[in-house]
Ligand SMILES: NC(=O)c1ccc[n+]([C@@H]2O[C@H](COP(=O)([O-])OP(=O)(O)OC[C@H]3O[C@@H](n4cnc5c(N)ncnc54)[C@H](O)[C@@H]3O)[C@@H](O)[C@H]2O)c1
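Okay, so here's just one chain, in structure tokens, the form predicted alone.
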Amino acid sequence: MEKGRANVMAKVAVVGCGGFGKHHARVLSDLGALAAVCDIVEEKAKFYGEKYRVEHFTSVESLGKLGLDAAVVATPTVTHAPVAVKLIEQGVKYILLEKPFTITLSEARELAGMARKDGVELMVGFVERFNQAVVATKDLVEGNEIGAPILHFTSRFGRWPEQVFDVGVVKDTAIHDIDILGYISNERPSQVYATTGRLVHHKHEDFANIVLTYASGKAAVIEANWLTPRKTRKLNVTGTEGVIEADLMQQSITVMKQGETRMPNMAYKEPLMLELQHFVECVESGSSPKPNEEDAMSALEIAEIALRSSSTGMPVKL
């Protein structure tokens, strides 16, 4: 699709139908934009192709004949960049890569450079940016509802079975909150200190505690693990005039101020649906999606610095 063409339904393929990829296929099908699915496992590709009545393939190279406008890459992280390169070489001009975007920051920089050279728009799957509780928290903070923020606290827990992971809990899980904090505060941390460990999983860290400090004087604490039995996704912001407590799973918010506690009404909306609506609308209108590769690289840099801090036991200045 040429940039600037509006009112024409985008043709989008999903590469990788396991894990979160199958949800991308479902939502894009509901939006009427799903053109094909691709998975290295033939049975899986066939299952979702037949389920959503689209073409299915087992290799990215086979997608070239479809004249795709866009693609979603939801394969294992280590394959994101190679898959994206193949799509760019086929002329695909919009690519959404699931978080954490690429396996390393250096790989992200190389991919971003190639995309810019070829006029390709990249988006990263930080789906929490489309969570109504996160959006409402950002609006309240920017509206000075709780005064000047002093402390941000996030918790992201859930038990994950031993699987083949190519990244640990920092890049897979905590990176969501690293991005949320940048999104809400519009500020980069000046220093990162982290402790991580591995209790159950054999290859990568499965718990992390990350402390971010900022030049403005505020701080943020990120807790993430793959160990706790009960799934939790929470965001708290403490300010000089009040506190916001957000439950990202329930998409609910509590605002506590002196002599007042209230819970703004919010209708639940599936974040992935909102994310992919935004992506498809950008494809159809020729506009640039957000969050983009710059947002991805910013979060990846902080994640890698957190891992470096954990390995040395020392805080690291950005």
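One rule holds for the numbers: they count along the sequence shown, beginning at 1. No experiment lies behind these values; they were computed from the predicted model shown.
Below, we refer to the form predicted in complex with this ligand, which is not included among the displayed structures.
V83, heavy atom within 4.5 angstroms of this ligand in the predicted complex: V83 belongs to the contact set for this ligand.
Though only this chain appears here, would R129 touch this ligand in the predicted complex if you measure heavy atom gaps against 4.5 Å? Heavy-atom contact with this ligand at 4.5 Å: absent for R129.
Whether D39 contacts this ligand in the predicted complex should be assessed with a 4.5 Å heavy atom distance threshold; does it? Heavy-atom contact with this ligand at 4.5 Å: present for D39.
Taking this ligand as it sits in the predicted complex, is H152 in contact with it (heavy atom to heavy atom, 4.5 Å or less)? H152: no contact with this ligand in the predicted complex.
If we take heavy atoms and a 4.5 Å cut-off, which stretch out of 217 to 225, 141 to 149, 121 to 129, 187 to 195 is in contact with this ligand in the predicted complex? Heavy-atom contact with the partner occurs in 121 to 129.
Taking 4.5 Å between heavy atoms as the contact cutoff, choose which of L34, V60, V280, L68 touches this ligand in the predicted complex. That would be V60.
Just one of A10, C17, A296, L307 has a heavy atom within 4.5 Å of this ligand in the predicted complex. Which one? Result of the distance check: C17.
For the heavy atom contacts within 4.5 Å of this ligand in the predicted complex, list the residues of 67 to 84 involved, in sequence order. If the 4.5 Å heavy-atom criterion is applied to this ligand in the predicted complex, 67 to 84 yields A74, T75, P76, T77, T79, H80, V83.
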